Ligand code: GRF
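Single chain ahead, written as structure tokens, the form predicted alone.
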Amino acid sequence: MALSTGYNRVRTAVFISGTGSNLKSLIKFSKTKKSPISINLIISNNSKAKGLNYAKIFKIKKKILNYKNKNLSEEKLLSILKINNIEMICLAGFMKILSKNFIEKFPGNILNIHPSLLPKYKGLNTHKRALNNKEKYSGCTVHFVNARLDSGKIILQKKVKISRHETEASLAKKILFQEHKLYPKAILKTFNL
């Protein structure tokens, strides 16, 4: 990552669509001494996303974009990011696919967390697919975002054992617990810390 941390933390936006549990763990991480980032903006495509409550709790600016028209929404989003001097983006359960044009504006500075051991199970329903295929392990991956879905360079992964009586819900819970630990570690790794 071509950003220098110096004494200034890198101004970061987190994009969410749902409960924001990864957002919460990233906010907590950003407040630690060793964190190279500060979270200055929360973006959501869902006005009912529970994760937006963290904006209020932690006094972080938030913006909601309806994404009915992707091009218009992304144009608006780029200007919001520019106004707020955002240098880095962390996707945390953001259910919209960013365009190539958007991604090119932040080369190497967009991270995503995905609930599978990529390159396996890109896209949605990862837990269901892993269970249907009788996998022994699943897990989570933090990777750089490029123009192809869940295909960017992998930063870190964490393996999770699938037990014999695993359900989608139990596997999701197990993996989410690891996601909260993996994302901050991956951010440190991108800054070579």
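Residue positions are given as counts along the sequence shown, with the first one as 1. Just so it is clear, the structure is predicted and the values come from calculations on it, not from any experiment.
The form predicted together with the named molecule exists for this protein as well; it is not shown, and the discussion that follows is about that form.
Engineer: Taking the named molecule as it sits in the predicted bound form, is residue 184 in contact with it (heavy atom to heavy atom, 4.5 Å or less)?
Structural biologist: Residue-level check for residue 184: no, no contact with the named molecule.
Engineer: With heavy atoms only and a cut-off of 4.5 Å, decide whether residue 178 touches the named molecule in the predicted bound form.
Structural biologist: Close contact is absent here: in the predicted bound form, residue 178 is far from the named molecule, nothing within 4.5 Å, heavy atoms only.
Engineer: Tell me, yes or no, whether residue 12 is in contact with the named molecule in the predicted bound form, where a contact means a heavy atom of each within 4.5 Å.
Structural biologist: No, residue 12 is distant from the partner.
Engineer: Is there a heavy atom of residue 113 lying 4.5 Å or less from a heavy atom of the named molecule in the predicted bound form?
Structural biologist: Contact check for residue 113: yes, within 4.5 Å of the named molecule in the predicted bound form.
Engineer: Quick check for you: of 99-107, 68-76, 113-121, 82-90, which stretch puts a non-hydrogen atom within 4.5 Å of the named molecule in the predicted bound form?
Structural biologist: Selected stretch: 113-121.
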